[in-house]
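Listed next as structure tokens is one chain, alone, in the form predicted alone.
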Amino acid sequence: MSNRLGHIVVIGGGGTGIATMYDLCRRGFKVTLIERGELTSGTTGRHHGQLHCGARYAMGDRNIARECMHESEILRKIAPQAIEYNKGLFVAVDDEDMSYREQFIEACLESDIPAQEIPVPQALNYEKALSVKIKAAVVVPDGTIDPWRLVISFAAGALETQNAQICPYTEVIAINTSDEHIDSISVVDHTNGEQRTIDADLFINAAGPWAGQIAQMAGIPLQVAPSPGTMLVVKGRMSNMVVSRLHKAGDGDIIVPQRGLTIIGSTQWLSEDPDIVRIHEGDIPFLYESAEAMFPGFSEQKFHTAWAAARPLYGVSQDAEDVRALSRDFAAIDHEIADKIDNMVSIVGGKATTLRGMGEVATDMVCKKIGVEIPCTTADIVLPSHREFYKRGYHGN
């Protein structure tokens, strides 16, 4: 592919940044990706790995639900090696859950999500460890993602174009601006301590919960609410499907199988600094109790690990209750329009399921800014295996 379109720097080596790099490369841009740690070492490497069909969001926002359904179908087609399409169950545990059932199914169907109530005995046949006390069950097209394999498949696809340079362990320490324009960024290579500058025609901020800090370096106010949550993992695969409580989205109401492990998540709070994320006292007992309501015996499984990771929610929030109200949608911001910096775009928010779509929207915005029309092809081309990333290697710093 030709590099006549120019050079773009993408800041952030998580799912959003790597998917954006891939789309840019496929459309002919030369791209340098900067990541201060290893690829996916931020939020992307710390989520529970659910492939969201959108059912969880259908009651709150039909558009987000449709978006998740659409993108989950694309990921199943282009990255089958990283997806386990095991579907999902929403289960009613008590009478309050039962009162939610009919409107939940209606909201899913209105969001183009096939949701079907099944008899409780059938649900118990699907999931042998599920509580025999459940009152109802609804099947939806959820699944699970191997976060590393999925994202590294996008990285392998970018390297395949020969338009990508990937620089891990490289941190942005300054953004150098003049006359409402970014001239370059200053970075430090943490493998050897060396500093250098990188110039480009355009810069994309895809730093997830750190996107506000990156924007601030350019003098741009960007509203990002880092919202951490705790996840708990036990050994043993207690379910085959993703199992969720049939109620309004809350804490500790999703169980996700990952190979030989079972994950219950998550809690949620607000953090001023995404680098300071510690598990809150009480989270672990709460998650055990929440899991027991759906899967009795969960607490008897051998503890594997627990962690917390910050969601990159777009918007301003004052407390944990407020942060629940923030949209799970994503936003692409052209800072020439918003902040008079003519060559920077930020892409924030979203979910792992929507990473490809986020890359498409960010790349569309870049194309519009420079006045070219190049169609997106990432929804139709099967990604290479994550193993190709290692076969090709990346150019490093």
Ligand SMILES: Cc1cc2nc3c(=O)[nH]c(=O)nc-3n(C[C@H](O)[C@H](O)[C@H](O)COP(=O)(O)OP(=O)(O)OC[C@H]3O[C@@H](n4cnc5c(N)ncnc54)[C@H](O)[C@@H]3O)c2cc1C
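Start at 1 and count along the sequence shown; that's the residue number. Since the model is a prediction, treat every value here as computed from it, not as a measurement.
Keep in mind that the form predicted together with the named molecule is missing from the display, and what follows is about it.
Kindly confirm or deny that 15, 50 and 206 each have some heavy atom within 4.5 angstroms of the named molecule in the predicted bound form.
-> Per the other structure, all of 15, 50 and 206 touch the named molecule.
Just to confirm, residue 113 within 4.5 Å of the named molecule in the predicted bound form by heavy atoms?
-> Because no heavy atom of residue 113 falls inside 4.5 Å of the named molecule in the predicted bound form, the answer is no.
Using heavy atoms and a 4.5 Å limit, would one call residue 44 a contact residue for the named molecule in the predicted bound form?
-> So residue 44 counts as contacting the named molecule.
Indicate whether the named molecule has at least one heavy atom within 4.5 Å of a heavy atom of residue 359 in the predicted bound form.
-> The answer is no: residue 359 has no heavy atom within 4.5 Å of the named molecule.
Is the gap between residue 34 and the named molecule in the predicted bound form 4.5 Å or less for some heavy atom pair?
-> It does: once the named molecule is placed as it appears in the predicted bound form, residue 34 has a heavy atom within 4.5 Å of it.
Just one of 96-104, 80-88, 302-310, 123-131 has heavy atoms within 4.5 Å of the named molecule in the predicted bound form; which?
-> Result for this chain: 302-310.
Contact assignment for the named molecule in the predicted bound form, among 262, 72, 170, 163, heavy atom within 4.5 Å | The option sitting close enough to the partner is 170.
Which one, 352, 367, 59, 341, lies within 4.5 Å of the named molecule in the predicted bound form by heavy atoms?
-> The option sitting close enough to the partner is 352.
Determine the residues of 265-282 with a heavy atom within 4.5 Å of the named molecule in the predicted bound form and present them in sequence order; the list may be empty.
-> Only 266 sits within 4.5 Å of the partner.
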